[in-house]
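Below you'll find only one chain, the form predicted on its own, shown as structure tokens.
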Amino acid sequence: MIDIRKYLNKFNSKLIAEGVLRSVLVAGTVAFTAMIITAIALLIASVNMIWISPIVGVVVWVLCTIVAYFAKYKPTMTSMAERIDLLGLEERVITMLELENNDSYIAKRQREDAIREIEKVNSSKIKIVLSKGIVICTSVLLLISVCLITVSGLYLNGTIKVPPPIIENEKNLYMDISYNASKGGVVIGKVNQSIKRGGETEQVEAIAAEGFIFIKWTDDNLSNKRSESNVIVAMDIVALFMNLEDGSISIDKDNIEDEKPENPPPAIGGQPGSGGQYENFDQVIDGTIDYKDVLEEFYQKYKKDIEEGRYVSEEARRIIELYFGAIE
């Protein structure tokens, strides 16, 4: 019986080399992926042992190459026969293998014909064939893993410093707005708010206590109800209230009242002093706006409401009477 294998051995080395290269490339994709994952894990954990990554890659590469070769890419008699037939033998070799144990006259003649054709074929005609996709994939992963390991190693060693973020700190995108009340009242609503820059606040309201009346906010807003729009800076605003009994007003949220002179000169209409006449500045907001002028419009409104028979609350009547009695 003819030993077919000895005629195919001259092609064996090329096909073995091809199988090894294919195994190395496929195993490389797995190994480089393992290296990348290991490097990222060490970087996240801030473990300065980046050398572990290439060691993991080499171990995985060797093991996967062995498994891939013997499981898939090791050449067999059948695979060699198929490759040789592609050189123009028109399936003579594969048919010869199929009829290897057949001793019929036709099988013998077929084997003899196949052997003659095999001997004519030069082994150099067998080309090593590799998948372009695997080659590209392995090359890209190799490049990524090498770059990542290099950068990670330099960073963990302190050679590379991470620059501060270019974008504005997230905290600075929010403005803190606070509303407080001086002595004589309270602020109702959300008094401490954090608003995204350019946003709007929720409405708050300044409510005077008994015996006091709301005058204004420290930013000169005269409405006791307020909200802010297009907020671009932090704000700390205090509601100011006037004592209707003595005309005093707290100037800040710590309930510090305006100081009055210990020995004031006579008021307007009294006896003149040597330094001129004394004006009662408790009636003036920031030295420019008279409190009486601020409430004059409210007085006229309520007066008109009373004359026309519209309802005016007792509280409103009492505040107007106390206020004008205090500053006249």
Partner chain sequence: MTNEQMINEFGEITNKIFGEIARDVIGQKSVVENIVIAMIAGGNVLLEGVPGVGKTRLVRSLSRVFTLPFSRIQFTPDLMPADVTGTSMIVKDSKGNSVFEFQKGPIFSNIVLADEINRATPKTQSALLEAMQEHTVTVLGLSRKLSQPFFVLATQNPIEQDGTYPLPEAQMDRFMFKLLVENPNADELFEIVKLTQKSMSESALGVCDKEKLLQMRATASEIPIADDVLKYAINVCLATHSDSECAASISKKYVRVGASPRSAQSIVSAAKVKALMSGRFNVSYDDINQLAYPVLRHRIKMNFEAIADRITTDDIIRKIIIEVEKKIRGN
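Nothing here was measured: the structure is a model prediction, and the numbers come from that model. Numbering follows the first chain given and starts at 1.
Note that the form predicted in complex with the partner chain isn't included here; everything after this is about it.
Participant: I'd like to check something about R109: if you look in the predicted bound form, is any of its heavy atoms closer than or equal to 4.5 Å to a heavy atom of the partner chain?
Facilitator: Although the partner chain is absent here, R109 would touch it in the predicted bound form, with heavy atoms inside 4.5 Å.
Participant: Even though the partner chain is not shown here, does T95 get within 4.5 Å of it in the predicted bound form, heavy atoms only?
Facilitator: Taking the distances in the predicted bound form, the answer for T95 is yes, it comes within 4.5 Å of the partner chain.
Participant: Might L143 be said to contact the partner chain in the predicted bound form, defining contact as any heavy atom within 4.5 Å?
Facilitator: No, L143 sits far enough from the partner chain in the predicted bound form that none of its heavy atoms falls within 4.5 Å.
Participant: At 4.5 Å between heavy atoms, is E202 in contact with the partner chain in the predicted bound form?
Facilitator: Looking in the predicted bound form, residue contacts with the partner chain do not include E202, since no heavy atom lies within 4.5 Å.
Participant: Within 4.5 Å of the partner chain in the predicted bound form, heavy atoms considered, which of E100, E90, D236, D220?
Facilitator: Result of the distance check: E90.
Participant: Name the residue from I232, V151, I188, L86 that puts a heavy atom within 4.5 Å of the partner chain in the predicted bound form.
Facilitator: Of I232, V151, I188, L86, the residue with a heavy atom within 4.5 Å of the partner chain in the predicted bound form is L86.
Participant: Heavy atoms within 4.5 Å of the partner chain in the predicted bound form: which stretch among 174-182, 191-199, 78-86, 208-216?
Facilitator: One stretch meets the cut-off, namely 78-86.
Participant: If you look in the predicted bound form, which residues in 220-237 sit within 4.5 Å of the partner chain (heavy atoms)?
Facilitator: Result: empty, none.
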